[in-house]
Each structure stands twice: as C-alpha cells, then as structure tokens.
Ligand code: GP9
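Only one chain is included here, represented as structure tokens and corresponding to the form predicted alone.
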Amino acid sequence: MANFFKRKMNWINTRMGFFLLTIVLFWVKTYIAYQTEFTLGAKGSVQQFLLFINPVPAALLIFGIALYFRGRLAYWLMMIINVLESTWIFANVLYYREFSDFLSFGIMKGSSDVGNNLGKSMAQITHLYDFFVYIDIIVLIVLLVTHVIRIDPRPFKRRYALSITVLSFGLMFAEFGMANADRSGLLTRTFDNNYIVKYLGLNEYAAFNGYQTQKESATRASANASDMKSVLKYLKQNRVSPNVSYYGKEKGKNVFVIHLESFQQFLLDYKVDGKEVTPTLNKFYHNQNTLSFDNFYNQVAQGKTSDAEMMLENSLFGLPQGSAMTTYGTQNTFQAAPAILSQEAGYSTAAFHGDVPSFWNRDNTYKSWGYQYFFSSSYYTEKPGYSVGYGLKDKIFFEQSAKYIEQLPQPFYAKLITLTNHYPYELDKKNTDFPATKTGDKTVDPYVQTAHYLDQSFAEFLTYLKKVGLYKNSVIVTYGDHYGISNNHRPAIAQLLGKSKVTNFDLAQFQKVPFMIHVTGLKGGINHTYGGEIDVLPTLLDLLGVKNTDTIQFGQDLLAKNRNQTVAFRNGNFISPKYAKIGGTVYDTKTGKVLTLTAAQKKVVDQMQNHVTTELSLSDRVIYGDLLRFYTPKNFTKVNKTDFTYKYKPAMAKLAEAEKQEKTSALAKNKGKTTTYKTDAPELK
C-alpha cells in the first residue's frame, strides 16, 4: 500500500500529473455546481452524460495553455486560470440564484448602469457554501507551498501540450455532435441559455455569448432599409382590428401607468393568517370599471424590469441576453408610447422613479422614447430612513411625486415605478404590520409584507387622485413587471400554492402578473384572453383612439376579438389556451398534464412554435439592426433626444412655463391651490 501511494505521489509530482489532478478537481466542483445550484433539467441518459462530461473539453483547452510554459510559471498559470474559472462559476451561481439565468456580456457590459444597490442584494443571496468553488485552489496551493506536491522542473514537450489542445477540440466537436443530435438547432434556434449550459457547458456558453454579442454589433453596422421588408410583411399578416366596443372610448383622458415592482398574479386575493395581502388591489381588480386580465404573463429575460418597460412602451421584446435599454437605449431609434401620444394626441409625458436616473440607462433611453420629463432621485427629498433597497419607499415616493403630477398639463401620460416590493424584500419594523408567510425560505417569506406595503401605498395614491380631481378623468393602468419569486424556490412556491410539489407547467403559470385598466364608467370585468406585456401598447392606444395601424408593434390589442392568444416567452417557450410548451415538453393548458402528441396536434404545436420563433427573431432584428431608423409611420416625427433635459432646474422651468401657458393642469384647475397628499408613512410624521 505504501509503495502504491508513493507511486501515485510520484506521478502527481510530474507536470502532467498535476495538470490532470487540477482538471479532475475542477471537473468535480463544476458538476457539483450544476447539480446543486442550477436548474438545468437534464433528462434521459444522453443529457445526463453530456451534463456530466461537458466541463472537461473546455477545461483541457484552457488549463492546457499553461503546459506551453516552463517550470514554476506553468504551475502558477494553472492556479491563475483556476481562480478565473472558479470566479466565473461563483458569479453565475449568484446571478442564477436571483435571475434564473446565466451572466451574459450584455449584462456585464451594462453593469455600471444597473449595478446601483446591487451590493446589498449580493450580500443577501451569497451563502458561505458558495465559496466551495475555491476550496480545491486553496488545497493545491497549500500542497505546493508545503512541498507535499513538488514542482516538476523538467521541460514539458510541446508536442504533448499540442496533443492536449487537439484532444480538447476533438472532444468539443464530439460533444457538440451528440448535443445537436439530441437537440436539433441548439445554437441556431434556442433562446434558452439553460440548454447551452446543459449540453455544452459554462465555458462554451460564454464563448457563444461573446460571439452573439459581436454578431449583434456587426448586425447594426450592416443593416439597411430592405431589412424592414420581412418585419412589415409579418406585422401586416398578424395585425388585428380593434374591438369597436372599446376603440376610442377613453380618448383624451390622462393615463397613469403604475408599475407594480416584482408583483405576481397569485398575490391577488391571497391571504396569510386569514388576512388579505393586497385588499386595495383586490377591490381594484374586481371593480366593475376595471378590465382585469387573469391570463396575463410577464415575458422578460435578463433585462427584467427594463424588458418589461421595453415591451410596455414599444411593443418590442427585450433581448435574449442583456438589456436592450442598457445596450441600445441611447443609440437606437424608437417609436414609443410617450412620443406617439405626444405627437398624435398632444399629451404631456413624464416618468417617475425614486432612484438614480442612470439605473437601466433610463436617463438616456427615456429621451429616445420621447419622455418630456423624468422625475428621478434628484427631484425627491432624501433623508435617512426614506429609502430601502433600490430607492424611495413607495409611500414617500407617491407623496413626493404628487407635487409634480398636479403641475403636468392635461392630458398627460405618467408612469410611476414603485420600488419597495423589490428583492430582497426588506422593510423596517415601523412599516411592517403584516405577517410573513411560513415556508421557511428567508427570501420568500417577507415577500407578502412588502407587497402589502405596496398595496397600502397604492390605496393612498388612489385617495389622492380622487381628492385632486384626476381620478374620474384618467385611465389607471397597473401591471406587474416580472416575477418576485424565482423558480429556484420550488419548495416554497409549492407551499404558497398549496401543492406537495410544483411542475414546470406550474412554474410557467406562476409567471402570471397582474394587468388592469380602470376608468370611471368603463365596462370592466375579468377577461380570460391569453396575453402578455408585449400586448399593452396596442391595447392602450386603441382605448385612447390613437391610430397605430402602421406602427412597428409585435403585440396585439388584448380586447380584439380575433387576436392570436399564443404568448411567447423570451426563451422560446410559449403558452396558449390549449397548449403550453415548456422546455421541450407540451402540456394541456387546462389540465396541466403532459401530452403525447398526435400527428395533427404536433402540426399545430409546430405552427405555434414557428410563430413564436419568428416574432422573437424579427423583434430582435429590429433592435439589433436599429431598423426603425429606416422606417417612420405616417404623421410621426423621429424623436430628437436633444429636445429633452432631465436636469432639475431647466426641467422645472420648462414645466412651469408649460403649466402657465396651457392652464390645464390639476393645479390650475384648483386655482393654484396645492392638494394635500395624505399618507401614514411614519418617516414623514
């Protein structure tokens, strides 16, 4: 036994031995991360085998670089590479835990725009055991420093190093061949990063994502006006006629868009210990003058809130990787809701957000969209205790926004972005008067408490609108931008839904978010049509009677009678009243049961998949190629970003001048008397 151990140690003391030991340890920890930290859904022997083996080819290639160097340098290069590779795993573990996706170059490129306050979130989601990815490095360094493993000073033949490189490429090609045989069109048809990591690995995903990012830049450079032909053809074929019962019924009314941060549909009518989480929103949802949609889905990807805003105001999908607002918001041409309403119907347009203006690149993107005013953190009074997480607490935010709202010339389009119901769902004790759930998941349990606080804030805002005289003359839109509880919290989700366990179909249904349109006198009710955030803009424009028959919008009016009810998810999955396709599995939407498709059913599902793939691809083409610079609808003028400034003094001077000239604001209607906003926010007492 002693001789056996000695022989093994002698072998490890060779350059090749140490290299293979490093590879094996890296392989093991990567596979452990796959199994414990990511939900990759490997099914069947082929997928399980590929998931097990896929860390090896790239590791041989990357770590093999060190074999081309001599002596100590080769060993320390292996350690440096290991640190970098392990940090890539570590970063993806944290990112996946919060966003159920992998890091992309688009997200990293925009990190300076979206990174505000992320440190606090990362501190919340980082666990001590996450650092296991560095344990092998520490062990190897200790073994080297203590000379338990000795550095092999002998030259390593270049042909052996080259053989390792050739072997790595051979294994990669073999791996890709097996993957593509199991998942046809893996790199050409899929929109889901989980598939690429599952089949090929984290390093290969990074390489492919880098290629995609470079390709996107080249796409814009090579785009021309003829690229719009396929987009226009598709939209012409899929455009629907508005519902005559609703078209133009709210013409000329103000529009409030209330962004309910991280708010999911299941919260409506949900109770904890017999108490309603959102009593005000529940009444709003069931009000006879509210159009409520109970099959409305979030369709966001990595861009999260920014994706929701992109769809809401442009009827363009967010991108498969990164954030369109961050990457393209400054340079691209848009035909967004603020510009359309301003030019077509004489609306004043304003966005309200209680955080820094650079978050998600809003300060630049909003100019591209045609927002005349953007009331961000510099417009609000900030004191200790006023903010939590990502900005002002909602009650304080609404209270301070009121003084700007009453100055806006009517009609106006105003979007207010709430923030308190944002991960990590923190709220101080003086603002917490609602019981947490008892799932045992520390991320999930306080979610209902911040949602309840948001509901209270919304109640105060509605009271203000009635008092100031804006309620009856306004369209009040509320929507949830994306999930608050990610799919990584399956046990807790099951408890919330009263189930023993949840399926992938259940998780798809869990992606429902509220969408409500309330107007005094509107014929409301709960509408069961299937739709998503991409459909908001055409629905709203039709209600307001604003012509949009030649706009570039991928959504359809939710009130139209002949609309397509196939809801596309950003990863290429979809759901409809009859079929739901989730991760390659088709479910019966009514029962949630997995279907074994007949030939006729498969044909229908394939047609739906083709529709989804086409609309996602064409929307991406519009953004990547900045195609709207080549197309301008009738009576629409391209937005000139230099027309707008969001600096406090000039913007307030502009608002005061507009209010003075038009005399249509709530302040003017109330003869210059400011309406007091009532709130029970303890910070303001």
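None of the values given here were measured: they were computed from a predicted structure. Residue indices: 1-based, along the sequence shown.
What comes next is about the form predicted together with the ligand, which does not appear here.
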| Between the options 261, 533, 542, 455, which residue brings a heavy atom to within 4.5 Å of the ligand in the predicted bound form? | 261
| said: Which residue, 415, 304, 518, 367, is the contact with the ligand in the predicted bound form, using a 4.5 Å heavy atom cutoff? | reply: 304
| message | Each of 253, 256 and 347 having a non-hydrogen atom within 4.5 Å of the ligand in the predicted bound form: is that the case here? | response | no
| query | Just to confirm, residue 285 within 4.5 Å of the ligand in the predicted bound form by heavy atoms? | reply | no
| request: Verify the contact flag for residue 390: yes if a non-hydrogen atom of it lies within 4.5 Å of a non-hydrogen atom of the ligand in the predicted bound form, no if not. | output: yes
| request: Examine residue 313 and determine whether its closest non-hydrogen atom to the ligand in the predicted bound form is within 4.5 angstroms. | output: no
| task | Give a yes/no on whether residue 355 approaches the ligand to within 4.5 Å in the predicted bound form, heavy atoms considered. | result | yes
| field | Which of 355 to 363, 332 to 340, 498 to 506, 442 to 450 lines the interface with the ligand in the predicted bound form (heavy atom within 4.5 Å) | value | 355 to 363
| field | Any residue of 473 to 508 that, in the predicted bound form, places a heavy atom within 4.5 Å of the ligand | value | 481, 482
